[in-house]
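Below, in structure tokens: the form predicted alone, a single chain.
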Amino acid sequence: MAKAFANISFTPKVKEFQTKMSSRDNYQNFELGENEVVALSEFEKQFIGERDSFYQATIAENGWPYVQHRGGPAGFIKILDDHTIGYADFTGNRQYLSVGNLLGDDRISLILMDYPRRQRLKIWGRARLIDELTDSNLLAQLEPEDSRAPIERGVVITVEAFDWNCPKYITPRYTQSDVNKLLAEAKSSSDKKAIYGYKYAGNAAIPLTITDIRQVAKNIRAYELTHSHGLDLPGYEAGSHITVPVMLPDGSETSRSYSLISPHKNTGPYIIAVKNEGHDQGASKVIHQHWQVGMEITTDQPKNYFSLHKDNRPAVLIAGGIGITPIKAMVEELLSRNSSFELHYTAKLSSEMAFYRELLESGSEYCHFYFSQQTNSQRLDLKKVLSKAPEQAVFYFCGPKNLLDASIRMANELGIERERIHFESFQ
């Protein structure tokens, strides 16, 4: 979606100011390549289908924008096909500002929010209005199942571009339904409080408190950890990990190591991402089910067995699935150095790709994404990627065993020197 988004958003004045602020080079590649066929993936469709509200902007005849909130039961925004969405417009205060604006200018922009998971989707499109007289069948498709309010018309939007925003400044907020669900989960697990209580800490040197939890992909959650006494945390570099304690359901204690996903020379916080694997002796499942904001754990100093090279040689980063966690930190560090690199990130589906939107926004010209089970998606060609790598590039591989084995085998076949190959396995 980068080119379609850029074609709409990067006007001459926007480009001029990007140049002034030295960000033009980062975004110029958005505009390269052939025109895209705008199509909502399963990830966008699921996200849209779960929303119970959005913000909508239209343009008045006098040139002024008008922003309005629209709400309804979850799922009231309907997916009509890969490039068309729509919703039923209920009777309101009868000012008809948005409707009047659309009669004069069919351009429309939407912002859809998921506050608990800190996600935001922007959509640009062209809208047309329908009613019982113009298209009763389509209007019936837009009617929510549990609608009680009178429907005056339908708004059908042809999507011309969409884009995801970085979650950095989205404050988590929770609906009454979210709160009720969390309370029910807490009540059902009250008999396990002795094991999963808020004060379980472990025995390591650095006390940490969980200060934020967010869903970053299907079965993957990111946990923000700050010093329990408000002190600065020890610094670390890309590739580092920490080891955390996990109390299993039988009362025994184990530990797991997780990569730190944003490099900090000092202070913190620490951020780790945990995939609910469904095995792992139950450790990842315990973390997903029982780690809560306010819970305390301990860890030791970060360790690094997957260090990024210090010189100016280009880097080729290959990540599979949850293997993106140390690689994401490398992306951030290389960007801060203005170093040359390319990222190749593969997963089954975009919905299973952690930090996909953040990476796309931080530097899409460097990042390449591959989906092995998504229709009409490109798959990672290791031979092509490795053989076309810049001369003297340093390679970093992280992911499941089959990806690591294939990457190392291909590098050996191509005669890449062993000292330029680095890898980390979560096995």
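So that there is no doubt, residue numbering starts at 1 and follows the sequence shown. Since this is a predicted model, take the numbers as computed values, not measurements.
Beyond the structure shown, there is the form predicted together with a small molecule, which is absent from this document and is the topic of what follows.
Chemist: Since exactly one of Arg357, Lys275, His344, Arg118 fits, which has a heavy atom within 4.5 Å of the small molecule in the predicted bound form?
Modeler: By the 4.5 Å heavy-atom cutoff, the listed residue in contact is Lys275.
Chemist: Please tell me which of Ala238, Ala222, Ile322, Met247 lies within 4.5 Å of the small molecule in the predicted bound form, judged by heavy atoms.
Modeler: By the 4.5 Å heavy-atom cutoff, the listed residue in contact is Ile322.
Chemist: Is Pro172 near the small molecule? Define near as a heavy atom within 4.5 Å, in the predicted bound form.
Modeler: No, Pro172 stays farther than 4.5 Å from the small molecule in the predicted bound form.
Chemist: Find out whether any non-hydrogen atom of Asn180 is located within 4.5 angstroms of the small molecule in the predicted bound form, and reply yes or no.
Modeler: Taking the distances in the predicted bound form, the answer for Asn180 is no, it never comes within 4.5 Å of the small molecule.
Chemist: Does Tyr258 make contact with the small molecule in the predicted bound form, using a 4.5 Å heavy atom cut-off?
Modeler: It does: once the small molecule is placed as it appears in the predicted bound form, Tyr258 has a heavy atom within 4.5 Å of it.
Chemist: In the predicted bound form, does Ala283 have a heavy atom within 4.5 Å of the small molecule?
Modeler: Contact with the small molecule, yes.
Chemist: Spot the stretch among 109-117, 290-298, 250-258, 77-85 with residues whose non-hydrogen atoms come within 4.5 Å of the small molecule in the predicted bound form.
Modeler: The contacting stretch here is 250-258.
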